[in-house]
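Consider the single chain below, provided in structure tokens and representing the form predicted on its own.
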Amino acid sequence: MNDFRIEIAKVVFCVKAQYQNVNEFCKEYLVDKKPDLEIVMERIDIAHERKINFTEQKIEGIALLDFPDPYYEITALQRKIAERFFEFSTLLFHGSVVALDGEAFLFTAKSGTGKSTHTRLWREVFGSRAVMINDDKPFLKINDDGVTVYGSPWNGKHRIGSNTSAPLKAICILERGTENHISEISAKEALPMLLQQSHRPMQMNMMPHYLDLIDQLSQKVRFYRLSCTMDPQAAVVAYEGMTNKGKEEV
């Protein structure tokens, strides 16, 4: 097997993988440290991910498309790490997250809505002040001090992200619109999105802990809904709305 160690969200995993491709995929997170946990990838994990892929394609009504085994092993590793992270009060979340001046803003929405496009606008408007943490699957660590968002190797099809972290300022639900408008919403309004976009445990005995983490997350960050165009002004409207800063401070 292909053995290597990676560190994500300050947890070191010793991974025993079937294929070298997994090592290469995680190269920005490779470390030489004492592991906290061991994850062994097996053929059955690959078969399980292939089955999930076919099931999702059937539900979406698209032609069945298969992938090589290393592709499924990379996905299976993400799933196994997400499962183990519940032990560290850390959630895998689906969204695109950008940090500005050291504070992170996470944008989430249905696939194809434009999360990546919107965070690209932040980089265009704010330049070097804006740092992409992750464009697809960041990890959120929840503790008494708040929520910290960490990058991960699973950073979207364009591989946009960095091995860094920042305190999470807000989570914003993104919607396409004909004009740019942002409004704060309650934790109760955001709850369906939190449940839909976070990784839920496969083991039912972890479900109470997962729900507790969701509850803590809803209390520690603020939530917004953004209706926006693809104009750069959308980034300014979003930033001002989530920080209460005027244009003279942008």
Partner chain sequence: MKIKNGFVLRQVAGQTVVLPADSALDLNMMITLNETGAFLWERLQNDTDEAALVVALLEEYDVDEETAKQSVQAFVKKLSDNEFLC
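Numbering follows the first chain given and starts at 1. Note that the structure is a prediction, hence the values are computed from the model and not measured.
Same protein, other form: the form predicted in complex with the partner chain, not shown, and the subject of what follows.
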* Going by a heavy atom distance of 4.5 Å, is residue 61 a contact of the partner chain in the predicted bound form? -> no
* the partner chain contact at residue 215 in the predicted bound form, heavy atom, 4.5 Å -> yes
* Does residue 43 make contact with the partner chain in the predicted bound form, using a 4.5 Å heavy atom cut-off? -> no
* Asked: Would residue 56 sit within 4.5 Å of the partner chain in the predicted bound form, counting heavy atoms only?
  -> yes
* Asked: Exactly one stretch in 64 to 72, 22 to 30, 35 to 43, 188 to 196 has heavy atoms within 4.5 Å of the partner chain in the predicted bound form; which is it?
  -> 188 to 196
* Heavy atom within 4.5 Å of the partner chain in the predicted bound form: which of 200, 50, 181, 220 fits that? Just give me the one. => 200
